[in-house]
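In the block that follows, a single chain appears as structure tokens, in the form predicted on its own.
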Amino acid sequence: MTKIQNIKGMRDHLPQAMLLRQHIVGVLTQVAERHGFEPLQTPVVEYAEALEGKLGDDEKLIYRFEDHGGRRLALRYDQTVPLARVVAQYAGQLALPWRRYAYGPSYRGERPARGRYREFYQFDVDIVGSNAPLADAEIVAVLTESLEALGFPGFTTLLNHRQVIGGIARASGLDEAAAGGVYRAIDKFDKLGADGVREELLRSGVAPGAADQILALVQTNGDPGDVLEELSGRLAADARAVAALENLRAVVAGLVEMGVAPERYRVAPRLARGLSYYTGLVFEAITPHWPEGSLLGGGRYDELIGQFAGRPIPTVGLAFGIDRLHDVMEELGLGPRSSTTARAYVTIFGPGQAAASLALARELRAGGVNTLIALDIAAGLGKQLKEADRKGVRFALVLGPDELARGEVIVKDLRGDGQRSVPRTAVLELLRGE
């Protein structure tokens, strides 16, 4: 190597970034477990054939390689296909419906961009084995509770159904073979706008009149009930679209009953979601604070697990992109801003006070206060205090000969609130309460 660097599109996360990322994962874990979801972990490496044929146009982004035994392997593209393998492989050990969550890295060989990386971390939440609209609603409720708990302002979850877009395509005179082109074009709506999507449709062979009708229908907007009513009238002749709209009505009713605030979601017929394995409900959370696209998304994929299990197993889920959530929260100043895990730094005044300082640090740690201890006694008190400040620790504790004689500890607030002498027996309670 001529230059020491990490691989483009794969990032190092230094302590301040990791503390925020750990906060995000901790909040998501708490919300998922409140809903009864259970943890799962799978390897980052799968047999290549397990991933191939599941991702449509995105299959070209899979990282493939051969091991020393000549086996064709691949880095996982996401955590959804590995879930499908797990459900098929351990069918006798899983009680359906099964709520699972999983956290870890995935890999895609795409061009890096803001919020989009070749190595990225996801936190997935899925319900396996239920086709009930309440399962869809619960996944959207978990999404909503999670973003609220993380402090995201002004977000909205867009809801749609794959068969609504299919119905719009069919109502515009297109056959099933042409519907795939409509999915791909509509999926670029936020990036290209209406005019850009129209050009995409025309390039894929859609007639101008049909393209205009498709655009008019996918831009239907308003209250969820009004949008569903409007689409029901326009797509009344298409049985699959009618069934999809009834499913969306049931999902919206479930959100109402679960107490999800009405401003947190709306029905958006322009929402497509690019992955080919979605079969029903699709959704994306958007915010004006992230103009590049959605924060996260998911949907129902009732056929993917069946490809492994050999029988239909309905599933719905979502994936939180930790990297994207981290980047947006960092820009908005959300979450913890600390650069260290330590709350206290115990100085060592001199060799004669080392034992007392070490005992104080031991007591603070046992009491649940993360504590650093000075390592170089010869460095002197001033240098130790500079180290504590440079590391971002809030409290520095000093036990000199005079403090030991009085049974006190000097507590310095390095964030600017000065210092005070505190009885040795009260230090732990003080640091716990600050």
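Residue positions are given as counts along the sequence shown, with the first one as 1. C-alpha atoms forming the largest set that superposes within 1.5 Å between two forms make up the rigid core. The structure presented is a predicted model; accordingly, all values stated were derived computationally and were not measured.
Absent from the display: the form predicted in complex with another copy of the chain. The rest refers to it.
Chemist: Tell me, please, which stretch of 166-174, 107-115, 234-242, 149-157 lies within 4.5 angstroms of another copy of the chain in the predicted bound form when heavy atoms are compared?
Modeler: Partner-contacting stretch among the options: 107-115.
Chemist: Closest heavy atom of S339 to another copy of the chain in the predicted bound form, within 4.5 Å or not?
Modeler: S339: yes, in contact with another copy of the chain in the predicted bound form.
Chemist: Does another copy of the chain get within 4.5 angstroms of any non-hydrogen atom of L375 in the predicted bound form?
Modeler: Because a heavy atom of L375 falls inside 4.5 Å of another copy of the chain in the predicted bound form, the answer is yes.
Chemist: Is R406 close to another copy of the chain in the predicted bound form, meaning a heavy atom pair under 4.5 Å apart or at it?
Modeler: Heavy-atom contact with another copy of the chain at 4.5 Å: absent for R406.
Chemist: Is the gap between R362 and another copy of the chain in the predicted bound form 4.5 Å or less for some heavy atom pair?
Modeler: Heavy-atom contact with another copy of the chain at 4.5 Å: present for R362.
Chemist: Quick check on this chain: which one of A194, L73, A250, L202 has a heavy atom within 4.5 Å of another copy of the chain in the predicted bound form?
Modeler: Flagged contact: L73.
Chemist: Since exactly one of R270, R273, R324, R99 fits, which has a heavy atom within 4.5 Å of another copy of the chain in the predicted bound form?
Modeler: Answer to the contact question: R99.
Chemist: Using a 4.5 Å cut-off on heavy atoms, what residues in 24-54 are near another copy of the chain in the predicted bound form?
Modeler: If the 4.5 Å heavy-atom criterion is applied to another copy of the chain in the predicted bound form, 24-54 yields E33, R34, H35, G36, F37, E38, P39, L40, Q41, T42, P43, V44, V45, E46, Y47, E49, A50.
Chemist: With both forms fitted on the core, give yes or no for whether the Cα of G129 moves by 2 angstroms or more between this form and the one not shown.
Modeler: No; that C-alpha moves by less than 2 Å between this form and the one not shown.
Chemist: For P112, is the C-alpha shift between this form and the one not shown 2 Å or more after core superposition?
Modeler: Yes.
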